[in-house]
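Next up is one chain by itself, shown in structure tokens, the form predicted on its own.
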């Protein structure tokens, strides 16, 4: 076995069999820490050394703590001054009077009456015992481990601080010690320089060989966040199917988030427990207020509406959008007859005032879609859903009746999970009601609509059990995540 110079140097230094920390070796060998760690990896691989790691809280005594060890604690000095009799605060000859007085009072060592200080029996008795803080400081000096609660006591008094640290230690094995005794460290060069060639010294030096099997650090490729990867894949699906993308702000008025979708103003979903309302003042697009107000109060054609007095003030309240369907309503409002037929999709973050747990967040990702076509029907909607989820890897999809305020007919989409051998629910779809379409588009044309979430698909693909792990941004998790490769 031909060791590199820094590997041989490290092994020779460990020849006595004593375990040493990386920090100690840096000081003793005057070598770079990274070089020592790399050398230890090779020695470990060859069975010449073992490496151990100890993690824990490392205490560091502050300047105040060192003074306390040397001269005593401030409260002890204060009580010592008072043992001969009471004194006023002004007559106390102590630089740290502020600290000393506060601590002494909290410990019950002194009492104050009209600026007169008096030592208590407890305080005088403390002069004959060692304070707990000093005992703890001495333990740190003796390299004894302290509990976090004890370290917190010292930290609160600025006598010491602590940090979490991993200490790596290296020790030569019997095989390594035997090898080190028979190893001579030779000077090697890793680069053939012009000076070596001109002087002819290249004939006398040993050129370092490349060890192609030497362990190296893991290289982590740069990549987008896995949720962003999934989002881009979903975007690609709809673009390939001929859809245009809808975009819009996350802050919407209740008018676009609810009223334009024929959600009544007394609907439970609009209550504070489900919606994040913002302390802002919203504005309404007067172009559509009259028609939507009429749809709510009276209905249109054969519909009787909700039969209540529609409030303009409630419609103006801004919210964090609870669904991306608000974008569908705004898109319908901008279309003209010459633009039809048309197909649009949106991918966006939505917000609900949920209780936070392993399966609920305040926010979620939703994929939205609409098809506006005079010849569209419900079977076309089923076809779009099957095609979309098929491209996500779910070959089987089924649909069951459902209810939503803004669609009729309505359905819930379920897909068959081949590994779980079961059906999972992914979201709703349907055909927009005339009360939604006509006030915005000016005529009643079939509009297919859907808005399933896809966070559950992302969780399943990456084997994530807690939905909060989608956004915790743990660097180890992000490095270990596979690329999004569905399809």
Partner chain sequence: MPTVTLDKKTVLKLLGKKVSDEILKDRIPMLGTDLESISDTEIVVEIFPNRPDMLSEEGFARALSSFMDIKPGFVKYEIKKENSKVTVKNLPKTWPYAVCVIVRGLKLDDNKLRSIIQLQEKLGVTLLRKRKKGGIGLYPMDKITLPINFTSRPKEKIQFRPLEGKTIMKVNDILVNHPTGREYAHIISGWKNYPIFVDSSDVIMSMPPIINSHDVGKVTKDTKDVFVEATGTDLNILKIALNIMITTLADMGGTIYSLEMDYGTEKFRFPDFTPRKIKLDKNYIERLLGIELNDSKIKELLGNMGIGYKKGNALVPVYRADILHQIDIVEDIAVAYGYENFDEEIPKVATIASESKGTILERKIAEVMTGFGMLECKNYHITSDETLTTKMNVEKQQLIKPENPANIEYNTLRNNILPGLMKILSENTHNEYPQKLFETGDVIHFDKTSTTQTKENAHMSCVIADVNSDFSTIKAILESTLKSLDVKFSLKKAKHSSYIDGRIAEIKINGKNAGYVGEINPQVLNNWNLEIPVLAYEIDLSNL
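Numbering follows the first chain given and starts at 1. Keep in mind it's a predicted model, so treat the numbers as computed, not measured.
Keep in mind the form predicted in complex with the partner chain is missing from the figure; the text below concerns it.
- With a 4.5 Å cutoff on heavy atoms, residue 72 does not count as touching the partner chain in the model of the complex; it lies far away.
- Using a 4.5 Å cutoff between non-hydrogen atoms, residue 343 counts as a contact of the partner chain in the model of the complex.
- Not displayed here, the partner chain is approached by residue 225 to within 4.5 Å at the level of heavy atoms in the model of the complex.
- At a distance threshold of 4.5 angstroms between non-hydrogen atoms, residue 262 is in contact with the partner chain in the model of the complex.
- Checking 144 to 152, 118 to 126, 83 to 91, 398 to 406 against the partner chain in the model of the complex, the stretch whose residues place heavy atoms within 4.5 Å of it is 398 to 406.
- This chain lacks the partner; the member of 291, 132, 211, 303 within 4.5 angstroms of the partner chain in the model of the complex by a non-hydrogen atom is 303.
- Residue-level contacts in the model of the complex: of 113, 266, 313, 204, one residue has a heavy atom within 4.5 Å of the partner chain, and it is 266.
- Residues of 440 to 457 lying near the partner chain in the model of the complex, listed in sequence order, are 444, 446, the criterion being any heavy atom within 4.5 Å.
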